[in-house]
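The form predicted on its own is given below as one chain in structure tokens.
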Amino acid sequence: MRSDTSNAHARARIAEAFAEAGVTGLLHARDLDTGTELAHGADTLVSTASVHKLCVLTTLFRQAAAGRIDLTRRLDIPAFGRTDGPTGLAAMLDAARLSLRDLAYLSIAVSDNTAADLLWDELGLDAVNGTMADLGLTRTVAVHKIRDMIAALRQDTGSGSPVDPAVVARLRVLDPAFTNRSTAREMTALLAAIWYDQACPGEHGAALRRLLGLQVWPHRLASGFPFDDVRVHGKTGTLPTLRHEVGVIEYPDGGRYAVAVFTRATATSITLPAADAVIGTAARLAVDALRAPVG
């Protein structure tokens, strides 16, 4: 285990990084092999935004492993009635026909809202919450699908600007008491269950881990580990002022670290590069502390 002094120093540097980036931040990191942890506000409930897609996919692959769902089954996806979003099917114009496993890929790789909701429709909210409860993650709860979250966001925004601080202050989707929620500690516990083959055994666990390694975004968690031989697996989440990512970093020496970073920016601007990058900075400080020799 790391010494209290070492952990306290790392937590202080992480808090300083969050402050310099203009965000409040929560973090939990765990060494997947030794169990050593580093926590900074890790038990505070947060609105998970698209990070909750990881819970949906864990349920999908868990049910596939149990023989209750066929991942190769294809769904017809009309060109109309899709969940809004900037990427994937949500942004495409024509009808499509895709397998459940390819919808899972889109849900992770580009955080496709339509793909995630199609999977959620197949599984149901109760099944996703049941998976989390089975894994002991009792504070990780979904209360609505992405389309319902977006509807609440639009209702609260009304005709106002999404960057108006007065509008942002009334957004219910930022409140974990209203929306899908979890904690940084429970998210690294979920990642540990995925990496230990406890969430989805065998080939299905490997398939889920593969998808997490195919996420395309480099500006958050991955920005802290800019090395060709370090693999970063992750899932982002974004709402006004919220920027999150949870994932696993694998080093060439075999070291494996689950990290969850949740942030909320003071500024309401949509483009805040420093708020994105501090997720990687904080994760790197935490992982470096876990990898430091015990002295």
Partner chain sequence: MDLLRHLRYFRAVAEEGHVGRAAERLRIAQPSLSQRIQRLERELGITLFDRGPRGVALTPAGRLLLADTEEVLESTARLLGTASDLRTGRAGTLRAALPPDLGPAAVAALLTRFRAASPGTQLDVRELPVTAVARELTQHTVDVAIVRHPCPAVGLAFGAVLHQPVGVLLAADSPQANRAELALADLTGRQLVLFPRATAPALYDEMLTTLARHGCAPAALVDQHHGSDVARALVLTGTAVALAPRTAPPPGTVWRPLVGTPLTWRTSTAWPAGAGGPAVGLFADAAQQALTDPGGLLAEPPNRPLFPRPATEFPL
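Keep in mind it's a predicted model, so treat the numbers as computed, not measured. Positions refer to the first chain, counted from 1.
Although it is not shown, the form predicted in complex with its partner chain is what the next lines describe.
When contacts are defined as a non-hydrogen atom within 4.5 Å, all of Ala166, His219 and Thr268 contact its partner chain in the predicted complex. Exactly one listed residue, out of Ala207, Ala96, Leu135, Leu153, brings a non-hydrogen atom to within 4.5 Å of its partner chain in the predicted complex: Leu153.
Here is the short version: of Glu203, Asp126, Asp84, Asp121, the single residue with a heavy atom within 4.5 Å of its partner chain in the predicted complex is Asp84. Residue contact with its partner chain in the predicted complex: Thr263 places no heavy atom within 4.5 Å of it. In the predicted complex, its partner chain sits beyond 4.5 Å of every heavy atom of Gln198.
When contacts are judged by a 4.5 Å heavy atom cut-off, Ser47 does not count as touching its partner chain in the predicted complex.
At a distance threshold of 4.5 angstroms between non-hydrogen atoms, Pro240 is in contact with its partner chain in the predicted complex. Residue heavy atoms within 4.5 Å of its partner chain in the predicted complex occur in exactly one stretch of 96 to 104, 185 to 193, 135 to 143, 153 to 161, and that stretch is 153 to 161. If you take 99 to 119 and check each residue for a heavy atom within 4.5 Å of its partner chain in the predicted complex, you get Ser111, Asn113, in sequence order.
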